[in-house]
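Just one chain follows, in the form predicted alone, and it is written as structure tokens.
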């Protein structure tokens, strides 16, 4: 199989690491070679959390600038910050719901218009699938299932060698049973957004 390089970026607390681990677990369970690395130094204080997932036989677990095939962004500005990992053929999945940083919350900064941010992202890649994933997570039952929405959207692209059923099986086995129904609903809502969106 051709190697697929995926970068997932989020703000600490949005569930990026769980999404990455579930993707890795699903890959291993179905004999897809996988390597994962993470950067999450300030995760507990709302800082950026970045995961790199390589599906296929990789020589390194690092994704250099311009190498990402897919960028999954849980927050608009963090998605824009990571756009350097992409190239003109990359596919981006962007949550359009902002999570303003502390400086904005206390009035010391202004969050830029999301539409402008999405336009900047879309101009640099093959396709930017932008949608309000936070709203879909609330529709599923809790904002905490944002990571499942984004994981479902990733599966919906059809670009990874792991099916939606494989991922849902892993979600069923590896997440708390009390949240399973919401997690699967969130996954399905995300899947529906991107299904057929990439040709």
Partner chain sequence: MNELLLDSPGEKMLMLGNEAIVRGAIEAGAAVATCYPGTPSSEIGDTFFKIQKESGIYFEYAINEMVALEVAAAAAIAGVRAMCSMKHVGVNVAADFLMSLAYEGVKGGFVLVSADDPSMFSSQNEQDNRMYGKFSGLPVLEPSSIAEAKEMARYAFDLSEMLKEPVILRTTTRINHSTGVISLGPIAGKNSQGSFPKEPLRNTLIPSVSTKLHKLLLANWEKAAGESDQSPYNFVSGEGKLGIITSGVSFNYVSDALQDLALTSRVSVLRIGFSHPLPDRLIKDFIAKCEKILVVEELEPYLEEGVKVKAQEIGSVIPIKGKGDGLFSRAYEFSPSMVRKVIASYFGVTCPTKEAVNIDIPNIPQRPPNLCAGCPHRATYAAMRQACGDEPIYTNDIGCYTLGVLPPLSMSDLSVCMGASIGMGSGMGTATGRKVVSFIGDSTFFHAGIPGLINALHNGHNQTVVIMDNGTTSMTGFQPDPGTAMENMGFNNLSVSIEALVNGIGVKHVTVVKPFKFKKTVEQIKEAIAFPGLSVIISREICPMYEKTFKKQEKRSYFVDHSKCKNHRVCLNTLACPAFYLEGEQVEIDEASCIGCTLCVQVCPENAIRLKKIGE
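Numbering follows the first chain given and starts at 1. Whichever C-alpha set is largest while still superposing within 1.5 Å between the two forms counts as the rigid core. Note that the structure is a prediction, hence the values are computed from the model and not measured.
The same protein also has a form predicted in complex with the partner chain, omitted here; what follows describes it.
Does residue 58 reach the partner chain in the predicted complex if we count a contact as any heavy atom within 4.5 Å? The answer is yes: residue 58 has a heavy atom within 4.5 Å of the partner chain.
**Prompt:** Heavy atom to heavy atom, is residue 86 within 4.5 Å of the partner chain in the predicted complex?
**Reply:** Yes, contact at 4.5 Å.
Evaluate residue 138 for contact with the partner chain in the predicted complex, applying a 4.5 angstroms cut-off between non-hydrogen atoms, and reply yes or no. No.
Residue contact check: residue 142 to the partner chain in the predicted complex, 4.5 Å heavy atom
No - in the predicted complex, heavy atoms of residue 142 and the partner chain never come within 4.5 Å of each other.
Original post:
Which among 62-70, 127-135, 144-152, 159-167 is in contact with the partner chain in the predicted complex, heavy atoms within 4.5 angstroms?
Top reply: In the other structure, the partner sits against 62-70.
Would you mind checking 92-110 for residues with a heavy atom within 4.5 Å of the partner chain in the predicted complex? Sequence-ordered list: 99, 100, 101, 102, 103, 104, 105, 106, 107, 110.
### Message
Could you check, with the core superposed, whether the Cα atom of residue 109 shifts 2 Å or more between this form and the one not shown?
### Response
Superposed on the core, residue 109 moves its C-alpha 2 Å or more between this form and the one not shown.
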